[in-house]
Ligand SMILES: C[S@@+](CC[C@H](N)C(=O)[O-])C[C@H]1O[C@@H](n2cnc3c(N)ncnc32)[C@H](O)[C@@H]1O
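One chain comes next, on its own, written as structure tokens: the form predicted alone.
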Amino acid sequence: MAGAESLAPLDKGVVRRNWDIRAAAWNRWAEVMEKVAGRFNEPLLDAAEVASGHRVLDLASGVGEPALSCARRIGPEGVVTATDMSPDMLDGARRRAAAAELDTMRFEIADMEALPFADESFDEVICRFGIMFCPDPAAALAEARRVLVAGGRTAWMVWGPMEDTTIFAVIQSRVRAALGLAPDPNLAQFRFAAPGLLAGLMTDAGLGDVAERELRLDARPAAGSKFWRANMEMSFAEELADATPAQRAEVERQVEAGFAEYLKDGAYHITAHARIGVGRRPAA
């Protein structure tokens, strides 16, 4: 089985800059995307066995998902610590937590490869679509093991192959074509698309009871709903900011044409494919 050496290398400074650039778009669309996010959040929280009263660490929280869902699940006796390496992203999580009156949330700027927490501080560690952007994912998994209590559980969600998630497949191809950008064969969000890669790294990090589960979802957004706009703006924030009005119009035309291929009976028939890796810190 291929390990970390098979992953395309990443530069941490570039990764941080990219998320800082996207933060405004992610904040702008956070509430709109909340319902969609919930379809991914709940399976992750279930896999981690998050329950009332638990202490949970959420890595790469961004503008608050799945940390806000986690805070609702753990109730007033629990605590969820939301972390991200981008202050601008985490400001969105703070804003949304305050608006929802979720006072059991804590916030910390943190690099998941070197966590600022003591050993055995958390009952669960969760991460939704974050480890793909780690230059050293083995270090991140080792840190998760370190901060878990003995027997504590961790769950990590990653994307499967891009072609299995319609919104990425269409937006990546159509936006790049409209803006004259070359295809990117090494998109970071699909670094863990190969089955078993995540589970193998979790085992190598010393986690026990490791398993990898598939999550496949279907959606039927209504025809003409422009459901894709949030994802498009969050994925191509920098490129769209520099686009001329004519280029932006061509992007919209291309993306609409791409999704038209999935239109049937008044709705777009689209799919998503993610994987969840789960494991525990051994009790002894």
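Each residue number is its position in the shown sequence, starting from 1. In this text, all values refer to a predicted model and were calculated from it rather than measured experimentally.
Here the subject shifts to the form predicted in complex with this ligand, a form of this protein not shown in this document.
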Partner proximity in the model of the complex: A24 to this ligand, non-hydrogen atom cutoff 4.5 Å: no
Using the partner position in the model of the complex, report whether M89 sits within 4.5 Å of this ligand, counting heavy atoms only. yes
Should Y262 be classed as touching this ligand in the model of the complex when contacts are defined as heavy atoms within 4.5 Å? no
Considering non-hydrogen atoms and a 4.5 Å limit, does this ligand approach G152 in the model of the complex? no
Partner contact check in the model of the complex: of 198 to 206, 177 to 185, 78 to 86, 98 to 106, the stretch with a heavy atom within 4.5 Å of this ligand is 78 to 86
Which of V147, I74, M112, V158 has a heavy atom within 4.5 Å of this ligand in the model of the complex? M112
Select from 117 to 136 the residues with a non-hydrogen atom within 4.5 Å of this ligand in the model of the complex and write them out in sequence order. R128, F129, G130, F133, C134
